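Taking the form predicted on its own, here's one chain by itself in structure tokens.
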């Protein structure tokens, strides 16, 4: 059975390091916060170049906290991609805001700067740009758009910790940037977890307050916050994985190269914009006849996922939003995308050998 993501092989590869890190935490008696979490935050900052890194309970929490720190209010409009996981739009809606769905580039699947510009009006307060499938959208143009219109920018890098654009690390493009440590991510823990990044001292203080019940002094609560923190055992695991991340990203890119060489014109891999490197959080292709392609994958015993089967504006939870949806690229992508098994430890050659028998 081919695993979609081979997390077991990764654990076996670094087993002694994991066991030592886990035992140190378990033996310390310090399971919430403490030196291991602080060390991870420092290492994440060193890796990305972010001045402030605050870990939290999940990638979704990270977006929620970012929005709260930026002062979102009921009725505020926030532009989000129409083709992505629900979290960005869900967080906006949960806090009383109104998500406005921007279209994507047809080849890279990234949020379209042109579509963003068309959605801006007097109610728009900010933009959430998602680094979908492991690469970044056009941040030069998006940041300029945000600056000209006095909008804040959140970079959702849940799928792209370790990616770069023009030599700049992901998690540094937004006023606030976020990532997820969900186990399937290129840098994943053994449960939920997330982190928030910013260069701004005042925003960093707000973020830490919000994530810790609005408190930076025991039993003194300056604001109403929330409880969102990364456990020490997860931080220990992530510190091990972070040491191996750059090598794993090389392995991912080599696996992607093998896939790219194999597929024909009717199975089209995601395109990468000039200046981008990708984490390949997923290896996603466009299939003109997806129904037939899925049957071929099934007959070859190759698992797959559909990321994502519908644009967000078609989700039932957003049905009451009155918006003009002309997001043709997002709609078309949702009908064609297929994600194949992929990680640093995926045996792509075996998968290709199986596919050669059916394609």
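The model shown is predicted, which means the values in this text are computed figures rather than measured ones. Positions refer to the first chain, counted from 1.
Beyond the structure shown, there is the form predicted in complex with a small molecule, which is absent from this document and is the topic of what follows.
*Asks:* Let me know the one among 60, 334, 327, 48 whose heavy atoms come within 4.5 Å of the small molecule in the predicted complex, would you?
*Replies:* Exactly one residue meets the criterion: 60.
*Asks:* From the list 278, 159, 198, 110, which entry has a heavy atom within 4.5 Å of the small molecule in the predicted complex?
*Replies:* So the residue touching the small molecule in the predicted complex, by this definition, is 159.
*Asks:* Suppose contact means a heavy atom within 4.5 Å; in the predicted complex, does that hold for all of 92, 99 and 177 with the small molecule?
*Replies:* Result no, not one residue of the spot touches the small molecule.
*Asks:* Using 4.5 Å between non-hydrogen atoms, is residue 272 touching the small molecule in the predicted complex?
*Replies:* No, residue 272 is distant from the partner.
*Asks:* Using heavy atoms and a 4.5 Å limit, would one call residue 143 a contact residue for the small molecule in the predicted complex?
*Replies:* Heavy-atom contact with the small molecule at 4.5 Å: absent for residue 143.
*Asks:* Tell me, yes or no, whether residue 308 is in contact with the small molecule in the predicted complex, where a contact means a heavy atom of each within 4.5 Å.
*Replies:* Result yes; residue 308 sits at the interface with the small molecule in the predicted complex.
*Asks:* With a cut-off of 4.5 Å between heavy atoms, is residue 190 one of the residues that contacts the small molecule in the predicted complex?
*Replies:* Close contact is absent here: in the predicted complex, residue 190 is far from the small molecule, nothing within 4.5 Å, heavy atoms only.
*Asks:* 51 to 59, 290 to 298, 24 to 32, 317 to 325: which one contacts the small molecule in the predicted complex at 4.5 Å, heavy atom to heavy atom?
*Replies:* It is 51 to 59 that comes within 4.5 Å of the partner.
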